[in-house]
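The structure tokens that follow cover one protein chain in two forms, given apart as structure 1 and structure 2.
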Structure 1
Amino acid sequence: MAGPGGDMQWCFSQVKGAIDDDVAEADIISTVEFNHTGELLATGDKGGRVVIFQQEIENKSLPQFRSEYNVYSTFQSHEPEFDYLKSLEIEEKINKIRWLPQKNAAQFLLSTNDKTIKLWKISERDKRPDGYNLKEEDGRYRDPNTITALRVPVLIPMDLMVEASPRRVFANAHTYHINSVSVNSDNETYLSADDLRINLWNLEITDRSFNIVDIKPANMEELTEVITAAEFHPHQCNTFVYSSSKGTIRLCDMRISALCDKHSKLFEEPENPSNRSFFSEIISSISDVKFSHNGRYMMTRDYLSVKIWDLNMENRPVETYQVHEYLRSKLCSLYENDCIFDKFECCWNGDDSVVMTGSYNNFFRMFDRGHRRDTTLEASRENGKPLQVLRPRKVCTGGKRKKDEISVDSLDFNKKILHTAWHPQDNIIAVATTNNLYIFQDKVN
């Protein structure tokens, strides 16, 4: 069960992935997602592969209860493709994975690259048929003349086999690059969003989708903003939001009209015009938007901060948390090395009391909304002893660096934590560094 929120002590649990520093492009983790029970944890990478881990529930009553996640299934979800018309390659990188709520014995997830969304079925097989009349054990056909008696084939137990099969392929509906996929609470539809358009699909139907948002201007020279993320409301099946590169969030109600170009609500924090600089718009671009579990709030992540919005208040966020404000005086070099365009994600804990997001130097940040506390932790193999408590990290900006602190100039901007996920009920988190997946858990748990 989720802890009270105060005094969480995070401990190392596991790390997945190769140790060597030479990271192959394909191994770069591009998405991390728990399923609705938290029993399964999926990752996608730049090589188009999906790896699913399953939680092995050891004796939960033991004080040293450790939830171990072990490999459950792995498959190649997307392959590299080529758009012959535009002479462009289509990356196989998995941009997003979203689980469907479980309806039967099998598990389903949606995985998407830039252009194509696929529905994958992951099912278990632990029995096999035995005793065919016309076939031998090894599959060879028996000579019918040698058969003197009939038998009824039976199902016998076998070693567990987990199979992944693509059940639907939703293709050719996006001219631009898909950044988001979100399953509706109605469990029948889902949306996919690219830079300029959002489409609504039925999970059963692959040859048709409805366009519900289109912000493409008639003249592309007039383009001023793009869609950066979109999500359905967790309970209201008619409501979704999408964020933009200009720092705004639009909430749309599908009951009002078929094409939701006119928003129902526009969330935007007014900016002091005298503070405006070359970087203002770039750092205000929202890289992720997530509804709270209770559906009353949404969280947005821009380059330097995390903001919590009350859905009933459009003119400003109710809470703002600085993730790494010390980077404001480094924007010039962050622009030159392209880091200013990094897209960090954010997530809520199970009871919406704590939010988490990543930063550089393999640091990640947690903000406890109730206790007004924040902490910085590091995902590193140096803290990799089982159940080792992570000590808080601190970045120093001034001249005087205290013993345990790290100075801004020593931060490694190649070590970025863009993807994090929080177990839907327990205090277990998955944190992805470039090519490794760390799992931490709260000591008290």
Structure 2
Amino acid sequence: MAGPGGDMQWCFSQVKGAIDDDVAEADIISTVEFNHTGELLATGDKGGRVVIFQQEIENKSLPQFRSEYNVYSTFQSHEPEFDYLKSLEIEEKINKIRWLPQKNAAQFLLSTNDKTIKLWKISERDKRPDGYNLKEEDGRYRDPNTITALRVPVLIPMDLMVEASPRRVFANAHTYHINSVSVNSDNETYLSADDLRINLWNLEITDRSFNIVDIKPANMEELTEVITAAEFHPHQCNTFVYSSSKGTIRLCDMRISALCDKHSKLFEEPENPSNRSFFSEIISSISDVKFSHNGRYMMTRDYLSVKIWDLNMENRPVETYQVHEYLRSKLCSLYENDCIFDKFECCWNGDDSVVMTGSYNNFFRMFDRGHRRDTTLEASRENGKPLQVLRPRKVCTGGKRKKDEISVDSLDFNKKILHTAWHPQDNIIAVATTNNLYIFQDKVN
């Protein structure tokens, strides 16, 4: 990506996870999220686990080794459950993780599976109480008759322990699978969205939520679209957007009415008749929506493209970037192997100048908005030497293939990057392949 002195080069930093070709289903990464400072990086997987990595302090004598992320805490967030009324298994897979802004020494995050959202507190302990009156060192209670003097307990240093404890459990509010969680800028409320409804919660109250969007028709046979993603505006606590499987984005204002079924703005691009096909409806479904940090724009990801919308212009996006247009001719086979239903996420860099999203063959794409440049990079163990610069990849769509190009027909559709995250301040990115987390950073000269 373009920097002040030309093109920015990305280099390999770390890879987390097992190297084995046999991947256990539970180890597949399902979400990746940096906290607000970028010091912590959380991943969730299909086994219901949350792994948090902490950024180590930079080595001042070796500026090229700027940051390493090491395991800080691992805990089981969700367990598999069974809904006896509906005879349905509820997966433990973590669908989303969202960090809350830090207010004290502890960190808080929300994690959700298909049905239940949990608020976790992650705190450090490096001291322990010593000198109890009624207990021995090993925890056994002392005989009160043997106590002859009163001791004042003291705190003594101990090895650092990181504890994760569930502080709130928000359950029984969603009939359908939760696809989004978004913390409000007021830091008191958050929303959770499933296929047909969006609920508003207070972080302190677990036994009730307010339904703010309900698109469920009276007759389910009349159902034509579902909610695919939802997010609060980063600065306006009354504004949120939600996207649909029909390729539309609705912006709602909670000041207008308690139930936001009537949107304030509808963002929709008319379809190009020349691209009309049997698969048009499927590939126009929006899989992710993200506001820019400054709140002026929002980005949406559909199957083939990333679109940037100005909140002041509803009729068409201000920028459209083709992620893998070469797959348009392959939609039939992608439909047969179900890849056409893959839900790719997207993310902004810290100053909203570059956007990133994933593709197949463990490729991921970056689009530099100011310089109108794009690049394709690959997350691969072959690039896994420390500080090895990533070479841009090119896909050959026909004709004679050049030496460094890869043919469309040889792309591996089982290797896909659905989840990516960008450090909020630095050029450090986290990219999840199936069961590995790759961390790349820009090259420091």
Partner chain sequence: MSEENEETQTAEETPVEDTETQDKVISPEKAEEAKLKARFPNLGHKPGGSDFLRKRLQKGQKYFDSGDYNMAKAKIKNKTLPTAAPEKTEITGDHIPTPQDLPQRKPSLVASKLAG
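Numbers follow structure 1, counted from its first residue as 1. Just so we're clear, the structure is a prediction, and the values are computed from it rather than from any experiment. If you superpose the two forms and keep the largest set of C-alpha atoms that fall within 1.5 Å, you have the rigid core.
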| query | finding |
| --- | --- |
| Number assigned to the form predicted together with its partner chain in this pair | 1 |
| Core-aligned C-alpha movement of residue 273 between the two structures, 2 Å or more | yes |
